[in-house]
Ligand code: 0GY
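A single chain, nothing else alongside it, follows as structure tokens in the form predicted on its own.
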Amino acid sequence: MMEFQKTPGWLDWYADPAKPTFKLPAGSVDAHCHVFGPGAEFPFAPERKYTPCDASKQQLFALRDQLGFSRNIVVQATCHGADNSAMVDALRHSGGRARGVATVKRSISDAQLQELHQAGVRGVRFNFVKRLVDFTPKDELLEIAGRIAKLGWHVVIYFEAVDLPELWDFFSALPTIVVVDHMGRPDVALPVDGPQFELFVKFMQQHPNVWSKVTCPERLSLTGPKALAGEQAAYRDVIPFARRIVETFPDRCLWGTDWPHPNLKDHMPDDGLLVDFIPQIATTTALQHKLLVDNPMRLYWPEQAA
């Protein structure tokens, strides 16, 4: 049996999250979460840039139930490389309540893509965060995107705001729906109407196939998880950015916990408090329903979407 040593300083996920005070609408989807291993059953990739704690499908589904979600979108974690076994195993044991986003290489066969589709995969993730992955040539990614477009899948892209100008043309060439992780990781110390975030808003305005996850305030925030006296909101500096996306593009946004929160360095968020962040960014029941139910169902379960 393989033994894995966690990356030094690794923060494990929060074992006993608070019960959210915000009641999720019926049928809500946690549209961004991961499974790690367990390493003894699903070894981590040799080329990984970090070694996480174990975070199993059973633990993910227990969190889903505790927080009040109905479904999960399990996104392939970079620590597993292009071996999607742990993610696919979670889908197969979800009773139809999870769909997945895979990482694939050019060498994948049509039969293997079909197998992933049968398991519930509906997208592939392209990662452009240099500290997490080695660079994949853009022609290879475009070729993969062309192949998965035929299955009705979409592309999920992970990048940092400073890199959007150089990636703009490549992203514009993708032939599918394109879902951006974590609003393209804006620097929230900059103004919400400043040039950096305006460029991202313009990108979404000019490309109606682009969606955004309004996720991970705990990754973006400089003010952190503590609410100030007289304020309810943790991560208050992220609120204007996420609210702007939800209100400007109400039919093209998604929300997820990002459990088990890989690679956080300063604190591990309480997932119950993250759920309580939702009404700060989607301030009406109509916007909340679109964000948590209508949009993810349309993207991942179109056959069941209302």
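In case it trips you up, residue 1 is the first one in the sequence shown, and so on. All values derive from a computational prediction rather than experimental measurement.
Omitted here: the form predicted in complex with the named molecule. The next part is about that form.
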Looking at heavy atoms inside 4.5 Å, which stretch does the named molecule contact in the predicted bound form, given the options 161-169, 76-84, 137-145, 112-120?
76-84
Does the trio Asp30, Lys290 and Asn295 actually contact the named molecule in the predicted bound form, every residue with a heavy atom within 4.5 Å?
no
Report the residue, out of Arg219, Arg97, Arg92, Lys202, that has at least one non-hydrogen atom within 4.5 angstroms of the named molecule in the predicted bound form.
Arg219
The named molecule in the predicted bound form has a heavy atom of only one listed residue within 4.5 Å, and of Arg131, Lys226, Lys150, Arg106 that residue is Arg131
Do Asp258 and the named molecule share at least one heavy atom pair within 4.5 Å in the predicted bound form?
yes
Would His154 count as a contact of the named molecule in the predicted bound form, using a 4.5 angstroms cut-off between non-hydrogen atoms?
no
Touches the named molecule in the predicted bound form: Arg236 (any heavy atom, 4.5 Å)
no
Since only the chain is shown here, I'm wondering whether Arg125 would be in contact with the named molecule in the predicted bound form (any heavy atom pair within 4.5 Å).
yes
Interface residues of 243-264 toward the named molecule, as seen in the predicted bound form [heavy atoms, 4.5 Å]
Asp258, Pro262, Asn263
